[in-house]
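In the form predicted alone, a lone chain appears below as structure tokens.
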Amino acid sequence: MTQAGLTRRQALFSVLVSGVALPSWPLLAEEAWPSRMIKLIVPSAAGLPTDVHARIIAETLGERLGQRVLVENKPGATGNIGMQAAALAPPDGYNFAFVIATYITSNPFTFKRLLYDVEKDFVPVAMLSKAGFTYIVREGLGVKSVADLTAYIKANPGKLSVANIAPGSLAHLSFEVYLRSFGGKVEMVPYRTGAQVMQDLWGGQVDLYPGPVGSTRQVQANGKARALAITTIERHPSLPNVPTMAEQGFPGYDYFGWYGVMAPKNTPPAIVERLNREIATIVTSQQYRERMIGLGAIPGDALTPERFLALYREEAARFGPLIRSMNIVVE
């Protein structure tokens, strides 16, 4: 045995015989954290926007923590598969979930059988960034503002076709809030991917798409579609010429998706707090802000676990009744 090993054993023995309580082994583990690779479970397929954001965070966190942060993709069932895997992962500080708003504030109300319980299975770490939506119309529709859109829908009830990738998603719900403000009726057309929507929007097979900001520049580039409005309270830096809904007669209209990190329930609080501090440092950096703007997002402001918790509880309280009134149920 080495001299260091003898010294440690002698120290432990002296504490034991003196009757002084030893710190628990989990506490010792927290003090040494992280001592090995960390796993970030992403309930999305590789290459999609959620995965891209997750890898940016994983890479930067790994550099700060001195340990690799491995992204493990577990797609399926609108995030249910990955979220269940994260909920069942050991709460040892080496397993975390990369989440989006839909998994936390929409899925609990849209799925008949949810494979996880947000409140019982997870604790919040931090929100990373938020991303609004843009209401994009095909150019041939002749609609150039939200006022024009509202007039068109009123004059043609049920005629406007609206692409819907995920029923109950925040993009869908934000548009429903707009419709209900004046009793508008449209035809919701189901789609599987954003790429399919883009092709049909350009081709005139669908009229409108409540889509992520990141896709708007591509859609407008060929002149076959127009962004009418952005759903956040402020304009996005990458789309300075696209006005907000609030600027077009809908005061207080502020809807956005977000990205965040959560931990399995019972993860040591000291580790959650440490990870929160590291994330806050990353999210408030200029480099991160520039990368997020390039992807159509902006850094989030719910940087403490308490503020993050309050955010998604408020959203659940706001969107839950709306989802139920729409009778959206996913088996």
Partner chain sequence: MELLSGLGGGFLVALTPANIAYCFVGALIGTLIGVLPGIGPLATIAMLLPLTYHVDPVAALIMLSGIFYGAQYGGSTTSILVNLPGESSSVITCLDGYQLARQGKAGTALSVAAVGSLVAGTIGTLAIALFAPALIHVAEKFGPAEYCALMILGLIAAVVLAKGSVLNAVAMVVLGVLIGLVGSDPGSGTQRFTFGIFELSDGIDFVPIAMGLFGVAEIIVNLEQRHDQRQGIAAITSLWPSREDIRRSVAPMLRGTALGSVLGTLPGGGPTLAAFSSYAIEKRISTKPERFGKGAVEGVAGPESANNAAAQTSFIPMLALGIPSNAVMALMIGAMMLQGIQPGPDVMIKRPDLFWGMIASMWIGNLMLVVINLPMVGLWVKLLNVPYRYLYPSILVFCCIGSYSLQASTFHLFMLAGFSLLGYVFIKLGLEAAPFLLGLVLGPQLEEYFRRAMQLSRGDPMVFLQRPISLSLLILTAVLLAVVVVPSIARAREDTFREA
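Remember, it's a predicted structure, so these values are computed and weren't measured experimentally. Numbering follows the first chain given and starts at 1.
The same protein also has a form predicted in complex with its partner chain, omitted here; what follows describes it.
- Note on the interface: of 112-120, 96-104, 127-135, 239-247, the segment with non-hydrogen atoms within 4.5 angstroms of its partner chain in the predicted complex is 112-120.
- Among the residues P91, G76, P108, G184, the one placing a heavy atom within 4.5 Å of its partner chain in the predicted complex is G76.
- Among heavy atoms of K159, some come within 4.5 Å of its partner chain in the predicted complex.
- None of the heavy atoms of S145 is located within 4.5 Å of its partner chain in the predicted complex.
- Contact between P210 and its partner chain in the predicted complex is not found at the 4.5 Å heavy atom cutoff.
- Under a 4.5 angstroms non-hydrogen atom cutoff, its partner chain in the predicted complex lacks A151 among its neighbouring residues.
- Heavy atoms of no residue among L179, T281 and D301 are located within 4.5 Å of its partner chain in the predicted complex.
- Residues R291, G294, L295 are the members of 272-303 with a non-hydrogen atom no more than 4.5 angstroms from its partner chain in the predicted complex.
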